[in-house]
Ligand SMILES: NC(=O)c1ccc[n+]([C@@H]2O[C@H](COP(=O)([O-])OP(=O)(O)OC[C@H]3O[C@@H](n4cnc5c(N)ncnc54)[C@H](OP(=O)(O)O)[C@@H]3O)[C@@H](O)[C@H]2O)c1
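As structure tokens, one chain now follows by itself in the form predicted alone.
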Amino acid sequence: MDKIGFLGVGKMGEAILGSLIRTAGMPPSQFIACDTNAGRLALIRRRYKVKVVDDADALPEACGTIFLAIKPQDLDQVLESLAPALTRKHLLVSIVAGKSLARLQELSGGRPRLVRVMPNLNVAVGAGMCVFTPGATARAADRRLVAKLLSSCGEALELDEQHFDAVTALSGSGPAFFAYVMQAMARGAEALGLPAEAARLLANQTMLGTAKTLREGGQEPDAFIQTVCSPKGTTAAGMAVLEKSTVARALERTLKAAARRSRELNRG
């Protein structure tokens, strides 16, 4: 396998790089990391033992596959600078939020093969959700490679690009929204007298266990809720409050706002 470059090793770039080394067992010698932040590069080199460079122009010559993990506002300038060195031999895997395949193709000069990915930060612990869509010139081998790499960080799913704004809202931004709900549950338990540390542990493990139960049991959420709800029991009393509240509507508005921002980034 050709060397894999990471153009940008911020939180998400590092999360994927780290997972490929720790979870997938890929050797550090397989990777080259590039960033303009000298402090980040020093940390990445120390933490993962990979080669680091501070000049993006070094990546096309050394790497067949390059992960684009820079900020959306920096993409145009960086990719236009790299474009003359990019050829059909290069595979660009973009995790840049809101940037379409058409825009990536335009900025890169139209020569490299492209795959667009929306990951989430849970890749850092090997439990990420990554959705990818290949560009028109991507090969079957590219799709297999990207699916293999991303699957080693959690789950990988191929979807049409038309779904990416919704994907960004649900799984890309979703970890923050789920953490918000978990925090609210923990604080509610604190108000009932539980120590803060115990409340956080109970909320965290309950969310984790529920997700695992639903996933592995193949049960629909509605059916699961009914299983937990004994008639006139404690869960039923709590669900009665939830069902009369605006929680579901607030979550729907939350996802719509995140998806709208994703569309705005694509136009930017």
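The first residue of the shown sequence is 1; numbering continues from there. Just so it is clear, the structure is predicted and the values come from calculations on it, not from any experiment.
One more form of this protein should be noted, the form predicted in complex with the ligand, which is absent from this view; the next part is about it.
Novice: In the model of the complex, does each residue in the set 7, 11 and 74 place a non-hydrogen atom within 4.5 angstroms of the ligand?
Specialist: Spot residues vs the ligand: full contact, yes.
Novice: Heavy atoms, 4.5 Å, the ligand in the model of the complex: which of 91-99, 182-190, 154-162, 108-116 makes the cut? Say which one.
Specialist: In the other structure, the partner sits against 91-99.
Novice: Since only the chain is shown here, I'm wondering whether residue 66 would be in contact with the ligand in the model of the complex (any heavy atom pair within 4.5 Å).
Specialist: Because no heavy atom of residue 66 falls inside 4.5 Å of the ligand in the model of the complex, the answer is no.
Novice: Would you please decide whether residue 40 lies within 4.5 angstroms of the ligand in the model of the complex, comparing each non-hydrogen atom pair?
Specialist: Because a heavy atom of residue 40 falls inside 4.5 Å of the ligand in the model of the complex, the answer is yes.
Novice: Although the ligand is absent from this view, report whether residue 203 comes within 4.5 Å of it in the model of the complex, heavy atoms only.
Specialist: Although the ligand is absent here, residue 203 would stay clear of it in the model of the complex, with no heavy atoms inside 4.5 Å.
Novice: According to a 4.5 angstroms non-hydrogen atom cut-off, is residue 70 in contact with the ligand in the model of the complex?
Specialist: The answer is yes: residue 70 has a heavy atom within 4.5 Å of the ligand.
Novice: Let me know the one among 213, 235, 36, 227 whose heavy atoms come within 4.5 Å of the ligand in the model of the complex, would you?
Specialist: Selected residue: 36.
Novice: From the list 147, 83, 121, 166, which entry has a heavy atom within 4.5 Å of the ligand in the model of the complex?
Specialist: None of the other options qualify; the answer is 121.
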